[in-house]
Every structure is written in structure tokens, then in C-alpha cells.
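For reference, the chain that follows is the form predicted on its own, supplied as C-alpha cells.
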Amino acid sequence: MLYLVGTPIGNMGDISSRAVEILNEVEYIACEDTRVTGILLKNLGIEGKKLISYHEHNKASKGNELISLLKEGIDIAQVSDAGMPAISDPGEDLVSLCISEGVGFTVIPGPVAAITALVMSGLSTRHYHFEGFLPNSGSDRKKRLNKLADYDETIVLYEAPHRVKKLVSELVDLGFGSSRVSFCRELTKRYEEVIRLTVVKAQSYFDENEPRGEFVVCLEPKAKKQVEIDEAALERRVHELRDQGMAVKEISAILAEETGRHKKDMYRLVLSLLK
């Protein structure tokens, strides 16, 4: 039997007694990083377990090895470094293999960073879309980002610290400037932090505060309706912001937030009005 075991996302006290029981009973434990899982087992007082490295880069070969062991009647637990296996984790592929090969498996529930952050965000939890990790770059990333504009429910993403600023800029360009967003980090740990603001304000925030740690980003849907502003009022607003010493890019971002229009459209409009 394969056991997909949820592990703590930060606070060790969040592991369930059932998870500890299963980790104690199985012969093998498949894990992303044997060092990380080794620390977990040491903290739980579990010794003598055979650890098998199973991660995104070796899942094709190791998956078949695990299936062979399971078919021999050996019980195996699969864990991620933190949270639930199969959620943005190669455990998803292992589950598919078990189904196709007729191998039994079950889930030992545990913490999930996405759900924890969603509740912490203060945004709607009735309906949500879990995006997980976006592609790092290129056309695949652009395609997934453009797709986000179609959703009318809270969007949950995972993002690495060195790409947070890029993500915020991309969201502003897509017209999410006025959307509320929460950036959650260090969840369940001593220095847990949730930053709640709008997407456009996140630009200046992260310019002043360098992103650190892995983030769960919870994003309000893109505004579907644009705020109607007559041309004369819009021109007055542009000159008002310019008189405050703001550059064209800053004015465009503010107007995109205030009207729900695309930042690039606002940029072109501001340029034309300030000629």
C-alpha cells in the first residue's frame, strides 16, 4: 500500500498522530529531499527507515521503482518537503501510476499551504482557483498569466522570492492593478507574515521591502467592469497627478487601478494627454 502523508508546512506541532503512526510502520519513505525528511523523522523520534529520493527530476525512473516495490507487497509512504504530496508535487504522477498499475493507495491528510494562505488572506473562500507555480518564463508563463484574467474567483499561486516583483509587474500589466492581493510567507512559523494590499501598491511595497522566503499569493479576480470616467475628468486627473511630480508610468498605474482599465492602455492615453 502507498500512503501519501501530509507533513507540516512550518510548525512541527501540526503533524497528525496518524501520520506519525504510518511513518513509523512503513518500510520505505519516498521523499523530495532525504535531508529534509531525515530532519523530520529525527524530530519525531523515528529511526531505521529506508529513504528513497523521489522528486520532479527523477520521477520517471523512481516512480517505476516504487511501483515494483509496492507490487511486492511493501508498504511505502510518500511525503513532500512540506505539506500535502501531489499538490504541486510529483506525488501526482505516482498516484496516476498506482491507478494505471492497479496498486492500492490512500491519503493521510495534513496541512496545505494554499488552503492555509487562502483562509489567512481575507479574500473569498467560497470559490477559488489553485494555480500553483507558474512556468518560470517564456510563452508558457505568458499563456498561464493571461488565463488568470478569465477567472472570477480567488486565485492562489505559489511564487519564489526572486520572481515576486516580476509577478506583480505582470499582474499590473494584465489589469489586476486594483485587485486586492495577499502575500503569505513563513506560514505557521514564528515570523508568519501576511501582506494585504492592492496589486499596484505591491509594486512600491516590494521596491522598499525585498521579498524573502517562499510566497503563497492569493489574488482577487480582475475587475470585470471598468469605471466610467468622462474624457475631461480623466484629463484633469492626469494633470493633477503630473502636478504632484509623478512620472507617466506612475500615473498610468494609478489610473489603471482607479478605472479597472489595462495599464498599457492607460500609458498610451497619458502620453497623448501630456503631449
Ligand code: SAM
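Source: prediction; values computed, not measured. The numbering used is simple: start at 1 and walk along the sequence shown.
In what follows, reference is made to the form predicted together with the ligand, a form of this protein that is not presented.
- Each of G83, V112 and E214 places at least one heavy atom within 4.5 Å of the ligand in the predicted bound form.
- Of the stretches 173 to 181, 142 to 150, 194 to 202, 87 to 95, only 87 to 95 has residues with a heavy atom within 4.5 Å of the ligand in the predicted bound form.
- Taking H162, H127, K71, K189 one by one, only a single residue has any non-hydrogen atom within 4.5 Å of the ligand in the predicted bound form, and it is K189.
- Put simply, of I254, I15, M266, I9 only one has a heavy atom within 4.5 Å of the ligand in the predicted bound form, and it is I9.
- Not displayed here, the ligand is approached by Y158 to within 4.5 Å at the level of heavy atoms in the predicted bound form.
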